[in-house]
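The chain below stands alone, shown as structure tokens; this is the form predicted alone.
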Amino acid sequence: MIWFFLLSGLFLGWSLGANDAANIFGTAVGTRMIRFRVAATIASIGVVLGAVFGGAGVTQTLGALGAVNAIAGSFTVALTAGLTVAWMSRSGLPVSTSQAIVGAIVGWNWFTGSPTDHGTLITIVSAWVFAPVLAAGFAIVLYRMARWWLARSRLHLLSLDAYTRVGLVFVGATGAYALGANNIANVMGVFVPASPFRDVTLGGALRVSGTEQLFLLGALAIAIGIHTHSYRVMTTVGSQIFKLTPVLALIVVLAHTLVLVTFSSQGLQTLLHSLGLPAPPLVPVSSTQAIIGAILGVGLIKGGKGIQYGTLGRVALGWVMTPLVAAVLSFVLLFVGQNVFELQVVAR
């Protein structure tokens, strides 16, 4: 049965790929600097590598929010988040998978009477608020730096175009890695306690843990979502909020990537602690909020006249509704699973 229950996690991974790939390459595809298929391939490779090698830290934080301790409960929580994100994606709204899974976990806590770690919840929600603001700040600083450099370099337009394409590919690949590292916890984090995989050693030297194998499976589901259903949301992010030039697209993706790295890098956290500096928490932040915060940042510094506030309002409504819908739907599906299908959704 474990493999059946994992299907909801794979569905959530597919939904994440369909929605969040737009945050990495939506601006590049929207400005027609990179073709969709090329962007999808690069994003898929980056997400898989980031999930397998960098996803452990964020998973621990999400697990502290609420310990989903039965595999049927994990199945329902992941299914709830996947349904929520898929519905929003079908509407063309770039919503947050992080918000969906957090709302679903809170719904599980609510249904089972388990305590919600309010400290962790406040930390996560605070990061949701701070991430788009930080992204906007990064974008503004990067815009000023780029404008200063371009004014002095006097690049030919063809050279600028070539450098911008290379930059979009490199930054997009880095962003995909950061997305996998930060968001794989949303896809497979609730299944870690019941993982069917055991640690294996390859070639006598390379040790692959059961958790890494689980993350690989989830990352492959994300990659399939990227290839099959992400184009529509890429269009929303890439062109319907604020019309971006190729250079602005590069600035936006770089600002977004810096935010994801900030909240998912254990190395950065260790470095800051060693220097006696405060370090950001390792939490699953919203990739969607980061990219839209960056877009809004460059839009504001250019006067704000081209910002599509109607689209921005719809996106903001999706952000508010996502965790609430996920929490209520989680409660309902857990009730149905326990009382209709007689599933053990919580270990007593």
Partner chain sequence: MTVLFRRTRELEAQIDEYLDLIIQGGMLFRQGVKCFLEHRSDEFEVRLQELRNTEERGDMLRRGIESKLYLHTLIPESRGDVLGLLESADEVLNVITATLLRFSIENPELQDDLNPLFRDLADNAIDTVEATVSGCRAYFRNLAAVRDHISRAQAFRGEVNRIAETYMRAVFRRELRLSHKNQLRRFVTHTEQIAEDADDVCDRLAIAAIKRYV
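Note that this is a predicted model, so its numbers are computed, not measured. Numbering follows the first chain given and starts at 1.
Keep in mind the form predicted together with the partner chain is missing from the figure; the text below concerns it.
At the 4.5 Å threshold, heavy atoms of residue 90 stay clear of the partner chain in the predicted bound form, well away from it. Contact annotation: residue 200 falls outside 4.5 Å of the partner chain in the predicted bound form, judged by heavy atom distances. In the predicted bound form, the partner chain sits within 4.5 Å of a heavy atom of residue 154. The shortest heavy atom separation between residue 261 and the partner chain in the predicted bound form exceeds 4.5 Å. With the partner chain omitted here, the record of contacts in the predicted bound form names 245-253 of 114-122, 215-223, 245-253, 99-107, defined by a heavy atom within 4.5 Å.
Exactly one listed residue, out of 141, 272, 133, 150, brings a non-hydrogen atom to within 4.5 Å of the partner chain in the predicted bound form: 150. Out of the listed residues 42, 307, 48, 33, 33 is the one that sits within 4.5 Å of the partner chain in the predicted bound form by at least one heavy atom. Of the residues in 150-167, those that come within 4.5 Å of the partner chain in the predicted bound form through at least one heavy atom are, in sequence order, 150, 154, 155, 156, 157, 158, 159, 160, 161, 162, 163, 165, 166.
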